[in-house]
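Presented as structure tokens, the chain that follows is alone, the form predicted on its own.
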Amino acid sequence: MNSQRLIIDRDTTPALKSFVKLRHDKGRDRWIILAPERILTPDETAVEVLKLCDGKDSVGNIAGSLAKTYNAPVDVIEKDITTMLQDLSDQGYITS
């Protein structure tokens, strides 16, 4: 089996893997990530990032968009996004 680690950087175009779903749990009024035999509860910031992970926009573009929305430094946002997505990728939830 060829299992190479995906390295997330500013040019990566992240997306949730096909078996991973971001859903809003109306009963508990929170967002969840559904994966086989797992449920994750991302915080509000992570949800905003994951909503933009469509496999088309790069991490750099996502960071730029969020920097405008939140009037925050793009380099700080990009670093935080990269760290979060790398962690999710290492767990098998993100593809590019």
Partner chain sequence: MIEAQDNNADAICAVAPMGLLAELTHRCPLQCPYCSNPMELERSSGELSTQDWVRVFQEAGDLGILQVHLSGGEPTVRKDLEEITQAAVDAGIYTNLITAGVLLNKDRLAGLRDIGLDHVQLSVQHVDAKLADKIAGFKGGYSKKVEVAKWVKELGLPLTLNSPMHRHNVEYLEEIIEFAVKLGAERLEVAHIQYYGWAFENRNSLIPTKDQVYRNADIVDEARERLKGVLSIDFVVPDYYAVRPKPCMGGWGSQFVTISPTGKVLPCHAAASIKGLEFDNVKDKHLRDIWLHSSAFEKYRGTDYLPDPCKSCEFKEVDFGGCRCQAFMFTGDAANTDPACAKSVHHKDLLAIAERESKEESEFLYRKFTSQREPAE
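From a predicted model like this one, the values you see are computed outputs, not experimental measurements. Positions refer to the first chain, counted from 1.
In what follows, reference is made to the form predicted together with the partner chain, a form of this protein that is not presented.
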query	finding
4.5 angstroms heavy atom contact with the partner chain in the model of the complex for Leu66	no
Contact of Arg38 with the partner chain in the model of the complex (heavy atom, 4.5 Å)	yes
Touches the partner chain in the model of the complex: Cys53 (any heavy atom, 4.5 Å)	yes
Residue contact check: Leu22 to the partner chain in the model of the complex, 4.5 Å heavy atom	yes
